[in-house]
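Next up is one chain by itself, shown in structure tokens, the form predicted on its own.
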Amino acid sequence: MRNRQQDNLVWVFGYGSLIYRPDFAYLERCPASVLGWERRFWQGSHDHRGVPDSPGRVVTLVPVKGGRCDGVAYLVDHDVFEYLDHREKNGYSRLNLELQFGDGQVVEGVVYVADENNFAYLGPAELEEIAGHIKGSSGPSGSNADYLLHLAEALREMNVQDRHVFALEALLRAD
């Protein structure tokens, strides 16, 4: 299907909870990567893993020269964006980026990224501070710690190495 172009079909790249909780209809699911970006727990979550007065921390992508973020690409009908735009409403914007598949094929896809200019951006901090923040946060979608642990588990199942995620997981488990 990756070779066939259809006007109403779009690839969407998931690098956080979309990896382990794709609660939307899709036609195809494939491991994929975006180059020049890395996953970081720098985005606030006021609506899923935290609350307005006490946001949790979730992942976003940040540009990193030579970086790579591994995740999952989903081939979806364009109608799915009504749901995804609502799910990712807390500061994320759609970007069109190149998605690289394991066979070397590159396609354009949609990636939700929360940059430093959005209202919920928390930005970088020491890993211990981020881990402590995650440990103490919870929201309508559950604990922030569960989000981190599910993401780490999903990445391991995909044989993906992510130093940032695994370092935070180790700190969370050490407490």
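Quick note: we count residues from 1 along the sequence shown, nothing fancier. As the structure is a prediction and not an experimental result, all values here were calculated from the model.
Missing here is the form predicted together with succinic acid; even so, the following discussion is about that form.
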item: Interface membership of residue 15, succinic acid in the model of the complex, 4.5 Å heavy atom rule; value: yes
item: Close approach of residue 88 to succinic acid in the model of the complex, 4.5 Å, heavy atom; value: yes
item: Heavy atom of residue 59 within 4.5 Å of succinic acid in the model of the complex; value: yes
